[in-house]
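Heads up, what comes next is one protein chain in two forms, each shown on its own as structure tokens, labelled structure 1 and structure 2.
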Structure 1
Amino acid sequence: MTRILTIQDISCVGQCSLTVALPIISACGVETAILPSAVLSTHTAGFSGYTFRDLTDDMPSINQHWSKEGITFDAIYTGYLGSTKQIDYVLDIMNTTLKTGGKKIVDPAMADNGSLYPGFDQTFVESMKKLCACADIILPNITEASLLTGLEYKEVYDEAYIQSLLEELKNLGCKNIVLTGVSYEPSTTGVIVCDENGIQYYKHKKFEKGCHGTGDVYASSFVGAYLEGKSMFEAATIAANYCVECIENTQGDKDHWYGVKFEPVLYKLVQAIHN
């Protein structure tokens, strides 16, 4: 059985980060160990007055204990990280606990819709570049790709712009790129997988209003499918279809503005992976 470590925050309420990654990756059939980067009472997008407990200082001793116990992982998947200093500790954890040939999968979860999330700054972006450069696979959205590359953020763009983002990410050292939210026309959006074989695009239905937390649902279901043996493009397609199911299951429910109802349709993801 494959064992993964995922490092991201616990937003106690709000259906993102670890409360999404742990159930989704586990349901895919992968043993999922967690390292919380921070504990927040809620996520930061739409709630006010949330608490934030930074767990950066706990990371070195957790890593030391795992090393002493000989605990290792087949893959490490990082999401929302709580501080710049934490990125150096994450790199240490990757060096000590990842099995030979193990995969480093980085979702540079720090921005969306043209802006950084609250609490992040350019220093964090610079550190995130380091983490992305050493990753086997990164999963940025267009905002994150523009921040990582220093290229202008565009809401409307053409294939040449996307090509330049991918080229600059490769220049940064990124080996395999799964670029999400690539939309060339109002009614569709999609995901690009860029690896040593070239570029593939999977296009699907676009919803008028995006839902919070879909980036984490996407990355987690991609990771689950990929670690269960799907190719990068197959995993990217399966994850996109699952996100569409999650949004369809949530849209129209005004009380559920903070995340997607991913649980009732989780069986569809499992079926798609183990068909």
Structure 2
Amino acid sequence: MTRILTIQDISCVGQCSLTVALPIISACGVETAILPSAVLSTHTAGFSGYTFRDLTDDMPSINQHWSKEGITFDAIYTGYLGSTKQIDYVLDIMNTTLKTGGKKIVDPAMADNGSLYPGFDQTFVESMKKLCACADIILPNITEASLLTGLEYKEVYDEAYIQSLLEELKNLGCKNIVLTGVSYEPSTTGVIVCDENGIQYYKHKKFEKGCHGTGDVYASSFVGAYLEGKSMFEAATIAANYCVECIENTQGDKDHWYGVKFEPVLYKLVQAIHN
């Protein structure tokens, strides 16, 4: 049975990061180990007065214990990491616990809509470049891709701009890329997959209003499908379709503003992977 380690924060309430990664990847059929980089009472979008406990200093001792026990992983998938120090620890963990031939999958969760998340700066971007360069697959959005490459961020763009982002990511050392949120027209968006098969684009429905945590839902769904034997493009397509299902399942529920109701439609993701 395939075993993956996912490293990111956990918001006790709020459907993002580890609270979606663990159930989604497990449901896909992959044994899922976790390493929380921080624990928050809720996520930070829309809640106030949340608690936060930084677990950075625990990461090396956890890694040492795993090494002592001979625990290894077939893949390591990273999401939101809170500091350059955490990125350094992640690189150590990859070097010591990943099996030979194991996959490194990085979601460089650090920015959106043209701006870095609060608390991040160019120093963090430089550290994230190192992590992405050693990864087998990265899953950036367009903002993150522009920061990683140093190219200007554009809200309106053409295929030539997307091609330039992909080329510069390749120059950085990124082997395989899933670029999310690529929209050439107002009513649709999609994902670009750049791998050994070339460049492929999957277009799907675009919603006027987004939902918090869908990036984490997408990345986790992609990882689950990919580790269950789907090609990168198949996994990217399955994950995109599942995110659309999750958003549609949440539309109109004013009480559920803090994330997507992914659980009731999780069976559709499992069916897409295994049927």
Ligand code: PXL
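Residue 1 is the first residue of structure 1, and the numbers go on in sequence order from there. This one's a predicted model, so the numbers in the text were calculated from it and none came from an experiment. Here the rigid core means the biggest group of C-alpha atoms that line up within 1.5 Å when the two forms are laid on top of each other. Shifts are known only where both forms have a C-alpha.
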Kindly point out the structure, among the two, that is the form predicted in complex with this ligand. 1
Considering only residues modelled in both forms, extract each run of at least three consecutive residues whose CA displacement is 2 Å or more throughout between structure 1 and structure 2 after core superposition, in sequence order. 44-52
